[in-house]
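Only one chain comes next, encoded as structure tokens, the form predicted alone.
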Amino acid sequence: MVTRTTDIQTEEDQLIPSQESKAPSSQPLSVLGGNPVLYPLELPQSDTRTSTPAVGQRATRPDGRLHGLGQTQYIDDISFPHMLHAKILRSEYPHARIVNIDTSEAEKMPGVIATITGAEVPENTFGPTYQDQPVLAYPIARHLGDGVAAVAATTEQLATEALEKIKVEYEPLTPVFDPLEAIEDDSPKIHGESNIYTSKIIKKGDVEKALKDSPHVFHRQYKTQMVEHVPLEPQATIASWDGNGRVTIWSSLGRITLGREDISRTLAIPQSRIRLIGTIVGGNFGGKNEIRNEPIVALLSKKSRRPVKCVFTRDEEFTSSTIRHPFIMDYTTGVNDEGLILARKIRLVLDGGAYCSWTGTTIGKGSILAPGPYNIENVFVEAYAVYTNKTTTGAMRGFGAPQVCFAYESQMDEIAHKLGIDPLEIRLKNGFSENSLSPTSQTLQSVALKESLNQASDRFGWKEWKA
């Protein structure tokens, strides 16, 4: 009598076969503890998902499974044959004239294949608003994060060591770090004849008269600090040229079209010869909204005729990428005895750092939102963006909204406290409603501010907590 046995496989067994199993060549293969691990190429699909719209159904992110399985490839996971690694030498001074750069000693090192300086960049300026940023600083370095030279070598360690062999002769210039000092006529000038490079004015009603007639006037200055995005993946790029004189760039850049335009400009080649591939981005939050090391890597690749990769260190991510704008905000608000806002006068000074970047968008949005979501008949906002010899400020989630929100809501709490009014009530009394006018006299529609405040306070139990 022959007894047959049937092996019962669980779902886990199907995902992790025995060592004897052979994986089809077309199936993804990984290694876990020395054993091959197979991942299924076909996933179960419910009839509901295939027969009805996705709205209202559970939807899985296409990249979620790959993230969970560790199969997502970021730029630092990508490699090519004979690929080189690039490192960038940063300025020794926050403000200095570059007199001379000598890369000869670095070029003699075994494993160093190419070097580049700002003098070799075809068009050494870029930027999404003003083209005031250099690819590599030359002849002026305007903050410590400015790159002044770059090296491509066979390993990251060799490239880092080669930076120490580069000799840079500087003529130090007087820096300015305080944006209020930078506004003064006698301050050191960073670009041109004035450190104020953009401004915005909003007027509505007669602020001075309304403040003079207000029973209560509150004034306070608020400040916010620099904030770095701190993405898990720092700035990263790979570049490689083909035999037809075209460059392919793998980048963690968030704005591919704008980036391609800037790369075309800096390399002085048409966009048709540039293929920019946006890879999986390991965190952006606005910090990867413009090119950073792409032209440097492309030029090193062209010079060495090999693929070149550059990944920022964590230090470089703080000093050489963009950050959130610090704001200095002066708020003067006039109210009546019931807490109704009669006038609000605001002065904003944005610390722009060394270059403009996305300041044009930030100052516009910050200015319009500065009075807050409140009905105010008399408004005056003046805003100035100022160059300083500090890390470049640029895009970050909100573009100026978080800074002014901190200021106007802080003052609303202070007014409520001084007048003995419930903080919720003073906001409901002044808050926007349907067809309210914004500070720029735009008619607002679909306004749910008061409804949102009431729902949030009810769920929180605000009235019971206050009692």
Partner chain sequence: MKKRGRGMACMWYPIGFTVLANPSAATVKVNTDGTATLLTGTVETGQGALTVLGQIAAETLGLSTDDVHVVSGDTDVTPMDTGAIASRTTYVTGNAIVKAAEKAREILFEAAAPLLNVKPNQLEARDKRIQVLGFPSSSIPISDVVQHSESVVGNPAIGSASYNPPTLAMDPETGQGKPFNTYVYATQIADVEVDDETGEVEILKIVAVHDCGTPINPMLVEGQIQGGISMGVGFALQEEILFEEGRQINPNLTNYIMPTSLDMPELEVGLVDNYDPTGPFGAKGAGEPTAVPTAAAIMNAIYDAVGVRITSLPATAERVMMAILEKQDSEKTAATG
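Note that the coordinates shown come from a computational prediction; the quantities given were computed from them, not determined experimentally. Numbering follows the first chain given and starts at 1.
Below, we refer to the form predicted together with its partner chain, which is not included among the displayed structures.
The contact residue chosen from 127, 118, 373, 339 relative to its partner chain in the model of the complex is 373, the criterion being a non-hydrogen atom within 4.5 angstroms. The partner is absent here, but in the model of the complex a heavy atom of 281, alone among 163, 281, 269, 140, sits within 4.5 Å of its partner chain.
Although the partner is absent here, residue 396 lies within 4.5 Å of its partner chain in the model of the complex, judged by heavy atoms. Among residues of the shown chain, residue 307 is not one whose heavy atoms approach its partner chain to within 4.5 Å in the model of the complex. Using a 4.5 Å cutoff between non-hydrogen atoms, residue 228 counts as a contact of its partner chain in the model of the complex. In the model of the complex, its partner chain sits beyond 4.5 Å of every heavy atom of residue 347. The stretch among 331-339, 215-223, 187-195, 118-126 whose residues place heavy atoms within 4.5 Å of its partner chain in the model of the complex is 215-223. Interface residues of 285-299, taken as those with a heavy atom within 4.5 Å of its partner chain in the model of the complex (partner not displayed): 285, 289, in sequence order.
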